[in-house]
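One chain is shown next in structure tokens, namely the form predicted on its own.
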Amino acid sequence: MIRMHDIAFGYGKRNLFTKLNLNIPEGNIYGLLGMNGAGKTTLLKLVSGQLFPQRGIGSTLGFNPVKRNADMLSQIFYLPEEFPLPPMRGDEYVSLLKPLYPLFDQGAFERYRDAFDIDPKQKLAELSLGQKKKFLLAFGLASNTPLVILDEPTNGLDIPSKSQFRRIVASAMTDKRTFIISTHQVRDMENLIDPIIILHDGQVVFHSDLANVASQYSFKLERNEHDSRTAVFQEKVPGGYMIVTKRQKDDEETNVDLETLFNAVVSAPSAFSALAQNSIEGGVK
């Protein structure tokens, strides 16, 4: 689906990536996490052909994204965090743009649109930020593209809409479709995104499904601080300390706390280095 090998990219004198490697097979809802400035949006734009690497080789859906092949672009729906919308009605927008997506399903769009309670006759410029985002989500899901890229999709959505977003995205998922969701709102995405990809210091430092994490690490809330010699990571939280330890043979499996996992990985990437291997396996030949 997506392969990036030794990708280098920067802005001016600032090198963002030097030798970034990433391999994303099809058929999952990937969560892309990273601190502010880690390069999540840049990576998404490199994958979709909106930015070009300074060095390295990329492949998206079997195409070189640098060439921006029309067949490739028709198989990608990209929803950025910030977006302009033309001063037209929603139904006019759909009529204008759906020919660009050969697999667009009008019936599915109308179901998603109605679920999000969007009036197709209302001008897009008159919608709130959350309504605009829901309209574009409905359009993107109905496009039936094999690759759907969503950058901070829950920003601007109220609490009921976030829950609705998770249900609708899950319902639109198939084993031939791949979602990449970049987010800071980790709690909004729990129980939806899996595997997890974490960018840090210009590298993919973590790339694993949560079942693999749970098989190797334990996540527990404890009243007291843990012995630093046995804790992989710990942080003070309301009610005590969230502790991450290596799971022992007789330990019961625990649920993975996604926010704690992220904090642990960016604090001590070397402790999770074995879970970054998916990023380089199957690299571009």
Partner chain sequence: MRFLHVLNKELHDSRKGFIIYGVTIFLVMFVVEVIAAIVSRFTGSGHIEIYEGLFPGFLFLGGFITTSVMFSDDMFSKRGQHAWMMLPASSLEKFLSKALLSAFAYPIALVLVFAGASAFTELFTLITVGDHFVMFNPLQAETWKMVLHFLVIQSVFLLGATYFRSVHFIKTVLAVGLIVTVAGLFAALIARIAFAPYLQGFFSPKAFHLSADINDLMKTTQGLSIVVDIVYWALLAPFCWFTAYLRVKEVQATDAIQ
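In this text the structure is predicted, and so the values were computed from the model without any measurement. Residue numbers count along the first chain shown, from 1.
Absent from the display: the form predicted together with the partner chain. The rest refers to it.
Remark: residue 80 counts among the residues lining the partner chain in the predicted bound form, judged by a heavy atom distance of 4.5 Å or less. Among residues of the shown chain, residue 71 is one whose heavy atoms approach the partner chain to within 4.5 Å in the predicted bound form. In the predicted bound form, the partner chain lies within 4.5 Å of some heavy atom of residue 45. By the criterion of a heavy atom within 4.5 Å, residue 92 is counted among the residues contacting the partner chain in the predicted bound form.
By the 4.5 Å heavy atom rule, the three marked residues 23, 63 and 214 all fail to count as contacting the partner chain in the predicted bound form.
Only one of 115, 88, 103, 170 lies close to the partner chain in the predicted bound form, with a heavy atom inside 4.5 Å, and it is 88. The listed set 242, 231, 51, 38 contains one residue whose heavy atoms approach the partner chain in the predicted bound form to within 4.5 Å, identified as 51. Contact with the partner chain in the predicted bound form, judged as any non-hydrogen atom within 4.5 angstroms, is confined among 71-79, 184-192, 105-113, 204-212 to 71-79.
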